[in-house]
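The chain that follows stands alone, in the form predicted on its own, written as C-alpha cells.
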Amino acid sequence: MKETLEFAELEQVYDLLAEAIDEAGPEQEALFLAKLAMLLAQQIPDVDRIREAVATALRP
C-alpha cells in the first residue's frame, strides 16, 4: 500500500473534495466533512497519525 499520494493525485483529491463540498451545500458542509473524516479515519487505523493530521489541518 502506498504511503503518500503523488502531486497529481492530490490535485484530483482537491477537485473531488471541492465538488463534493459544493454539492453538499453550506448547510450540510460541516456534516459532510465530519462524515468524510470518520470514514477516512477507518482507513487509517492509527490514532497518532490522525491526531497529527488534525493538528496540521488546524494550522493557519
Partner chain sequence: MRPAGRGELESLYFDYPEYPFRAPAELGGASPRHPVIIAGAGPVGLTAALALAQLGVASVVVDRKNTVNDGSRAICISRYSFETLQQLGVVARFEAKGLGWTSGRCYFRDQLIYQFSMPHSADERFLPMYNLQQQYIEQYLIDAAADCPGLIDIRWLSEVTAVTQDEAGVELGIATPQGNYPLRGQYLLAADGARSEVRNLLGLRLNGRNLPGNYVIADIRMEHDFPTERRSFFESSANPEATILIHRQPDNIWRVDWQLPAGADPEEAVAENTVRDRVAAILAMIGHRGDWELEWWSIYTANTLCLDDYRHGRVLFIGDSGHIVPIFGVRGLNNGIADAANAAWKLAYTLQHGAAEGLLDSFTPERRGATLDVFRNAGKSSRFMTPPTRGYSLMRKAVLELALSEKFVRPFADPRQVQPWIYDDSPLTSTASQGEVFPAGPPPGAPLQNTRLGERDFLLDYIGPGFTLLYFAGNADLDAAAANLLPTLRKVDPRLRVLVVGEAGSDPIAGDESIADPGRHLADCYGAGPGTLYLVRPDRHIAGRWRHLEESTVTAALHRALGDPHERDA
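Numbering follows the first chain given and starts at 1. Given the structure is predicted, the values throughout are model-derived calculations rather than measurements.
Below, we turn to the form predicted in complex with the partner chain, even though it does not appear here.
Checking 24, 50, 40, 10 for any heavy atom within 4.5 Å of the partner chain in the model of the complex turns up a single hit: 10.
For residue 19, a non-hydrogen atom is located within 4.5 Å of the partner chain in the model of the complex, even though that partner is not displayed. Contact annotation: residue 15 falls within 4.5 Å of the partner chain in the model of the complex, judged by heavy atom distances. In the model of the complex, at least one heavy atom of residue 59 sits within 4.5 Å of a heavy atom of the partner chain.
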